Ligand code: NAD
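Here's a solo chain for you in structure tokens, the form predicted alone.
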Amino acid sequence: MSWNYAQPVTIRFGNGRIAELVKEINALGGSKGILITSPSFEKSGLIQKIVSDSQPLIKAVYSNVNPNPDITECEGCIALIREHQCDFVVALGGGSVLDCAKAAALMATADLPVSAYMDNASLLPAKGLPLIAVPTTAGTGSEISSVSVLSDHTKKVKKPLATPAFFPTLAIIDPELTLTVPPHITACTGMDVLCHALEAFWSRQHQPICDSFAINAIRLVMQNLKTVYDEPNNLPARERMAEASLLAGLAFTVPRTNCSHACSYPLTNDLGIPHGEACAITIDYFMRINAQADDGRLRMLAGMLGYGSASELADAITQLKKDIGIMPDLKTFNLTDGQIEGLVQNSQNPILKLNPVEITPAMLREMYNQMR
């Protein structure tokens, strides 16, 4: 056995820890910062509070990051960074905000347009601006990962970019920030956590430290996701889901995601399905496929979680999806043969090769046909 592990992100976890933001900015030595966030926090007043509490350290705000951020949004952040000569970045939001901010903090230090990096990730700079990531969902784990997922909506392309330079400097995980997340977004982001952990566990690149994170994240999701969906104000359950999100992010950083994430990109790009829900649609299907041919790891995982077999764990995931309103299939889209073929072709992302079982186009075609 031979493996490596490194996690360069400093983590601050706990209720109310957003109040430590100014102290952390000062510790970085920052003097001119940008806050990158989404429109919803403009309405809630959280942006104004953070800017007011941080005076005079935050000089600019970009609050127009939307789900599946487009490269134009990243360019907008970069323009503000350069205009105000920012020396640090604060990202407040879900995975889309964090991904956009990570990309902007790095790409602002070089001259190429964002589209150039989408075409060739090897061109990415080696070092970016210091970034403080504050997630508001539980969630993507983007606050402690080296991946940024961006979209080029004109080309209908959604692509994960990966480099150690994307790691934030600091992550502040405050579970209280997730209390206002609506139930369906709670469900979608929670299923994204589960997919991160499962795909990390069965990845061809799995290793012991990440396995430990993955197992605990899966357990926490299976025990708490339905609770936070049914009881949005249940803070202890929100804390456990925030913990699960963090652990799952730590779990997949080295092994990477694979099957369900590969399929999620066309499901989001072509059909408009939210990312976490798009991942969830196929995760129990792949659980059964991988359990048939693996070396007993999924049987071991199921036993550790209290299930008699990997099939029972897959059944429990299917039931969880029903309980929290995740779409079970693709029947509502009335897909044509051409659309099915498009999904098959566009699911063949390179990360699919990290799945423990080779997933062929014929297998994808069969899966999508069963779902329509």
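Source: prediction; values computed, not measured. For every residue, the number given is its place in the sequence shown, counted from 1.
Just so you know, the form predicted in complex with the ligand exists too; it's not on screen, but the next bit is about it.
- Within 4.5 Å of the ligand in the predicted bound form, a heavy atom is found for none of Ala110, Met118 and Ile132.
- Mapping the unseen interface onto this chain, Ile218 falls outside it, with no heavy atom inside 4.5 Å of the ligand in the predicted bound form.
- Among residues of the shown chain, Pro67 is one whose heavy atoms approach the ligand to within 4.5 Å in the predicted bound form.
- Although the partner is absent from this view, Phe252 contacts the ligand in the predicted bound form, with a non-hydrogen atom inside 4.5 angstroms.
- Residue contact with the ligand in the predicted bound form: Phe41 places a heavy atom within 4.5 Å of it.
- Segments offered: 118-126, 181-189, 218-226, 75-83. Contacting the ligand in the predicted bound form at heavy atom distances within 4.5 Å is 181-189.
- Using a 4.5 Å cut-off on any heavy atom, the one residue of 154-174 that reaches the ligand in the predicted bound form is Lys158.
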